[in-house]
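A single chain, nothing else alongside it, follows as structure tokens in the form predicted on its own.
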Amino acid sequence: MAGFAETESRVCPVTGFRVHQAAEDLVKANAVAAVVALLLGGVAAVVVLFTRWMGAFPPEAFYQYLALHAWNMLIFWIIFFEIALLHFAGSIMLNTRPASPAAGWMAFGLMALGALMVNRAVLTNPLNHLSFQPYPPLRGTPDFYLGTILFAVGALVGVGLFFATVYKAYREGNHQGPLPLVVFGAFVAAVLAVGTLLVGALAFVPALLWSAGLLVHLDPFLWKLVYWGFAHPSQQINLAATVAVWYLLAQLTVGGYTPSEKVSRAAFVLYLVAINLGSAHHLQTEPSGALSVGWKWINTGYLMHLAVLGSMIHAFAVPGSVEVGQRLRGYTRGRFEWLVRGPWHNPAFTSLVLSVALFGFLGGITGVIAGTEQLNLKWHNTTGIMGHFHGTVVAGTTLAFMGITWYVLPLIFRRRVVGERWARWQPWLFGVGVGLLVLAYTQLGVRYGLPRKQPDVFRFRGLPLAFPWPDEVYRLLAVAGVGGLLALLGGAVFVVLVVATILFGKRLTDEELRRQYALPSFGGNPGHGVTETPAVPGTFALCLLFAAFFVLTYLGNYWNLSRSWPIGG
């Protein structure tokens, strides 16, 4: 294996990218921190799951571990990984040394310190068992808010370094022309991150002063309004990053490329325009004096659908990328040979397919429904919302990030994956488990109104005036429990294999990397020996099926709403 030597860089024998040691080290550090956060969030999920399923732990433990689960999974695991992705996209994909490696390490240090402070605050003080909705008058301790601020500042420095590195790539002539699509998607995610993190400061800086006794009063509604300008858009950063990873996985696994790069770029731009309007679903039940009915109606009934249009474009372009690559590899019979003959032995490919399907059918559709003013009445603060964000952040983002990790390990850490047979099963365990969990929680919330913030349904049984939940609720809780166990098993397999690979995996030579991970010669774009992009009839058929399911589900929720409060009589 060629070392870094005097130039402090090497050429990846698989992708041809120039990998600078400074960028490689930053990718490694942030990726490892992300997996540690995933492990902590997974351990906390055990308490949360068994409490909801069978009331196994007291409420105090439930709220404490729910807070640990939420902050580690929704924030620390994903944002650490996204910063690693930005180092990869900005430096490695553009063949440029990071503009300031010192700034990258400062960002990492601030993020690590912030994450440690938040976790310690939650573990040591019941006041910080605030889950992911720390609304006033609930008041945490100063170290909780300070840790959040430090993490956000570190992430903002990391994003700024990405922008500086992209500028450096153009200034030094290392890259010319438009940004590659994956880097463009990462760029959009970074732009969304800047606004999100700055708005977060408007929420958490006053909360820090309030918790320290330096600010007398926080207006609960205004704080909630500003907070959701941070908390929900932080998940929209994830969406843009997830889609970018999907395109990258399509290229790495089958040599695919989008049927129309201009249209895919336009879809990313639509995210910049309208994606953060999805934050409104957390505020739909606020009184009309706070947010007018007209504001809710226009923004969630019309303008938000610009972002939905962007997602629908990606819903065609990502599987279309896979079909293009497969048809160029010779799988041209019928509509679906390209899918049936996909490299299913490759866990990265399986993760890609499951991530796209589960995100679309379970996460994306439910997000549009929950974001609609009228339909939100059946979803707000029920387990239906839990089903939605587990369908997006877990089945979508986490599974996609797990998928790209199977390439990060050999190409960045230059280690052969330990337990390759287990790795092939890992996406199925995790994906099927999360899918069952999402389906059960969605039904429990929308059909039965099961509250999302109540630890369990067992605590009040037998008491006077206790609500008698139907037997179907307990059966669905069992489905959610089984799904959660499968997902936990899939997550544990992922963490164990990643750690074992980093510590004990066989170091790969350039020749071994070329032989095991070689990309198709036409991969990347139609200019590489391809004169014409093939048609994608299979993707078109799948998208028609998805559109029909979308419409029926959307209208079905209106029908369900109409049966909830009969008028007249």
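Here the structure is a predicted model, which means the values were calculated and not measured. For every residue, the number given is its place in the sequence shown, counted from 1.
What comes next is about the form predicted in complex with a small molecule, which does not appear here.
Heavy atom within 4.5 Å of the small molecule in the predicted bound form: which of W379, F144, F88, Y441? Exactly one listed residue reaches within 4.5 Å, namely Y441.
Pick from F349, F389, F413, F268: which residue has any heavy atom within 4.5 angstroms of the small molecule in the predicted bound form? Residue within 4.5 Å of the partner: F389.
May I ask you to state whether R171 is within 4.5 Å of the small molecule in the predicted bound form, using heavy atom distances? Because no heavy atom of R171 falls inside 4.5 Å of the small molecule in the predicted bound form, the answer is no.
Quick check on R452: any heavy atom within 4.5 Å of the small molecule in the predicted bound form? R452 belongs to the contact set for the small molecule.
Report whether the minimum heavy atom distance between L39 and the small molecule in the predicted bound form is within 4.5 Å. No - in the predicted bound form, heavy atoms of L39 and the small molecule never come within 4.5 Å of each other.
Does at least one non-hydrogen atom of M73 fall within 4.5 angstroms of the small molecule in the predicted bound form? Yes, M73 is a contact residue.
Between the small molecule and I149, L202 and W223, in the predicted bound form, does every residue show a non-hydrogen atom at 4.5 Å or closer? Zero of three within 4.5 Å in the predicted bound form.
In the predicted bound form, segment of 509-517, 23-31, 540-548, 47-55 with a heavy atom within 4.5 Å of the small molecule: It is 47-55 that comes within 4.5 Å of the partner.
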